[in-house]
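This document starts with one chain, in the form predicted alone, laid out as structure tokens.
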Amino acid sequence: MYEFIKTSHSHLAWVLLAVLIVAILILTISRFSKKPFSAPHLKVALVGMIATHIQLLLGLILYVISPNGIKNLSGATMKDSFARLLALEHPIMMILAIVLITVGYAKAKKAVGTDKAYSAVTIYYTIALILMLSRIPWQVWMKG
């Protein structure tokens, strides 16, 4: 079970990053093309938010069952930068990024038809993407 969830979380992360990048690009291009923010744009943003929430569920399950997750929190873990990344920094940063994506989507939904909707999605999603990229455990992710 652990290996399946770990592999799923790892492979879906590629999908999530691609979805976020595509959503940011589509919405940025549409904004500069002077197209009004409409229902199809909101759907693009929604797909990004749904992908992050699915990844969050897998990550939370993995955090509980993994030997590198909550079971590994200790003083010794805090002294080891890689163990700290897996047990603390990665989960906190990803949750923060998902909160930003959710807020960005909610603000865009309230502002459909205005440039504020574009700003909400592109700014919040871009900041969230940067946060995600900053705390991915690249050493193990590229292997698995």
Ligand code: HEM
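Since we're looking at a predicted model, the values are computed, not measured. All residue numbers refer to positions in the sequence shown, first residue = 1.
Just so you know, the form predicted in complex with protoporphyrin IX containing FE exists too; it's not on screen, but the next bit is about it.
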| request: Using the partner position in the predicted bound form, report whether Tyr105 sits within 4.5 Å of protoporphyrin IX containing FE, counting heavy atoms only. | output: yes
| request: Find out whether any non-hydrogen atom of Ala83 is located within 4.5 angstroms of protoporphyrin IX containing FE in the predicted bound form, and reply yes or no. | output: no
| said: in the predicted bound form, is there a heavy atom of protoporphyrin IX containing FE that lies within 4.5 Å of any heavy atom of Ser30, even though the partner is absent here? | reply: no
| message | Is Leu100 part of the interface with protoporphyrin IX containing FE in the predicted bound form - any heavy atom within 4.5 Å? | response | no
| Options 32-40, 53-61, 115-123, 73-81; stretch whose heavy atom lies within 4.5 Å of protoporphyrin IX containing FE in the predicted bound form | 53-61
| request: Sequence order please: the residues of 82-113 with a heavy atom within 4.5 Å of protoporphyrin IX containing FE in the predicted bound form. | output: Leu86, His90, Pro91, Met94, Ile95, Ile98, Thr102, Tyr105, Lys109
